[in-house]
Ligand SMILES: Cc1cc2nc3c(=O)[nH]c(=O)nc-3n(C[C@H](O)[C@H](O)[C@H](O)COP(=O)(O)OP(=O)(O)OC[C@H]3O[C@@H](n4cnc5c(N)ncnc54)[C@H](O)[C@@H]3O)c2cc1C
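Single chain ahead, written as structure tokens, the form predicted on its own.
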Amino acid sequence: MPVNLTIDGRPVQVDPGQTVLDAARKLGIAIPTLCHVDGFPPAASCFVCAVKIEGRPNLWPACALPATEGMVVINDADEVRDARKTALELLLSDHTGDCIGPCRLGCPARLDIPNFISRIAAGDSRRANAIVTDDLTLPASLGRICPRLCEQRCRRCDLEQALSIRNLHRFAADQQRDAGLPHLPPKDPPTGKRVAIVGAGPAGLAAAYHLLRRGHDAVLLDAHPLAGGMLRYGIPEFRLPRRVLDAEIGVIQKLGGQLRLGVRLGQDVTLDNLRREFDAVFLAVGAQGSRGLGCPGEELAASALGFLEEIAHGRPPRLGPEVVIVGGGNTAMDASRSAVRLGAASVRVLYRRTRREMPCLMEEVEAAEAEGVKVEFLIAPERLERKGGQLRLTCLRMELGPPDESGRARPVPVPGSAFDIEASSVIAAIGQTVSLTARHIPDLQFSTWGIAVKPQTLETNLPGVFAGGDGVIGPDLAVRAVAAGKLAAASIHQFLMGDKVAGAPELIHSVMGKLDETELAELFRDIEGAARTPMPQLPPSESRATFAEVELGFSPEAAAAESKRCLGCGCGKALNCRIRQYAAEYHADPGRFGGERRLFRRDLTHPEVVYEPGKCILCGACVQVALEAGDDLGLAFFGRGFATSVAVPFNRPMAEALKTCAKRAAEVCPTGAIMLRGTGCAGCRFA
């Protein structure tokens, strides 16, 4: 006789012997499962499929619970959701593996690094360029100026130098541009919606790219005569050639992006006007104001940003023979190297802390010094005055005291250490400010740093108005601005389509963190050392006399060699991993149950699959697969309690355990503990 029951008030009829999970599936109700495999005896080990049965105590696993006549099942309830969340958090607390490569987690734009690198290794720069453009929007430009946060996370750092990720995505983009084949992604059908983007810098350009792909019209407004923002007006051409930036902006125009240049918000157009003309507005204003020296006479110093912008306009100012630049960031280095190229006989950079505390990339300091710039430390300006035709900068020697609010050692003046420096020009590279304030837009709410937004969505207090980039968080990196534009586009699209504005929530990431010596030995067991491929450059004797690009780019051979240094970190099942998907759905916290995790181990003895026991949830599916296939040795459970593991009997290699069913074992594994070779993020390490 058929069995009748209800699930969440919905009646359903199943055959005798079928489970609550079977009944739910018949109704189209999705009950999460990890350990369950159709056709195998229920394991009921993960408890992610827990349900409540009316009239019974406790919760029950739906995969192993037979349906009975009149049973009332409650699937959608807070108690049930909380239990499933706890089950997932317990599993994640003992899950040893990186869902995605640490390098990708380090990238603010979440560039799919191992994937694009695997394409370069395979000689497919077209596909590599498509991947990097979809995530970075301006991959060739960022490939020249990005500070490489990703490389700081590279696991190669534990063996030798990091993978040259930035230079590789520059290579992929340059190859396609030089071949006349820039990546033009497919576009969704037109929606008829129009978005105004105020600011045509990296945040605005990225937002336009992703909005255009979704079928919306995007109009970029900018106060400058040309688009690009700080990429054009704050970075000299010897680091970022204009032809490269123009080509990437040209892609956005080919997608349908429109430019309205020479338009200033609050002066030529108001936010109210834009809200009436457009369906949504994205404020992507940059931090293009400059801080002064902070001492008497600071008005006599030129701003570094103003100096660089004049050069970008083709009207470099007269500096004279002796140039002093105050500051220690990348802008200070750019200004100093530009001064060298403009013919200054002496260029000095003064920084109030030591070399170790400099916020700029050390490679920029070294490049400046190679071109003749003298960088001096523990010096701060006290007064600037004009004496005849010269400037006199009075400075103090400094020493480092306790940390300040930034966490760096605070510079403290040394009593009686004042001295003078004579200069024909003094340039202030102290820092940047956001010029847009509440004075320009009275109805818009502001925070300490800039425009106030909801971090997850970039919504402002005004409906349909979003903001991101430097105008929100203050002066920051171009790659973070691109990430903000990408997030803003997702939120604006949701707003335009009448959906709940949720931004672009990420899946849960399992992170191993720092590996100990035993784990590093396991990771690098079969890895040969390979030196980082150097970037070809103009020699300093040539570079200091020209604004031509200094870094010349990888050859195809160099790019292929460097890409093969990638370790392929990350999980091959990350994209379709059910534990990640359920963790996101139930808002599970991987760190809720802290404690000692299992050691990272990797078994590479099988020619078809890779086994990482730290990811195993003891569902037994692979054990059943081997049993069903009739393999002589197979797999089995060993140990008791928390020490239980799945392993090959008699410590034999995995190749002997899964002689005929390795692919099937990888297919049923719910967490990537067993995965096919060639399915790692990069696909190159275990091919």
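Fair warning: this is a prediction, and the values are worked out from it, not measured in the lab. For every residue, the number given is its place in the sequence shown, counted from 1.
Keep in mind that the form predicted together with the named molecule is not shown, yet the notes after this line are about it.
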Fill in: Proximity of Ala478 to the named molecule in the model of the complex, heavy atoms at 4.5 Å
yes
Worksheet item: Hey, in the model of the complex, is Ala207 touching the named molecule, heavy atoms inside 4.5 Å?
Response: no
Item to complete: Decide whether Val263 counts as a contact residue for the named molecule in the model of the complex under a heavy atom distance cut-off of 4.5 Å.
Response: yes
Worksheet item: Is Glu248 close to the named molecule in the model of the complex, meaning a heavy atom pair under 4.5 Å apart or at it?
Response: no
Worksheet item: Which pick from Arg602, Lys193, Arg598, Arg239 sits with a heavy atom within 4.5 Å of the named molecule in the model of the complex?
Response: Arg239
Worksheet item: Considering Arg383, Arg177, Arg213, His224, which brings a non-hydrogen atom within 4.5 Å of the named molecule in the model of the complex?
Response: His224
Discussion item. Partner absent here, but in the model of the complex, which of 493-501, 303-311, 535-543, 177-185 has residues with a heavy atom within 4.5 Å of the named molecule?
Written reply: 303-311
Worksheet item: For the stretch 94-109, which residues lie within 4.5 Å of the named molecule in the model of the complex by non-hydrogen atom distance?
Response: none
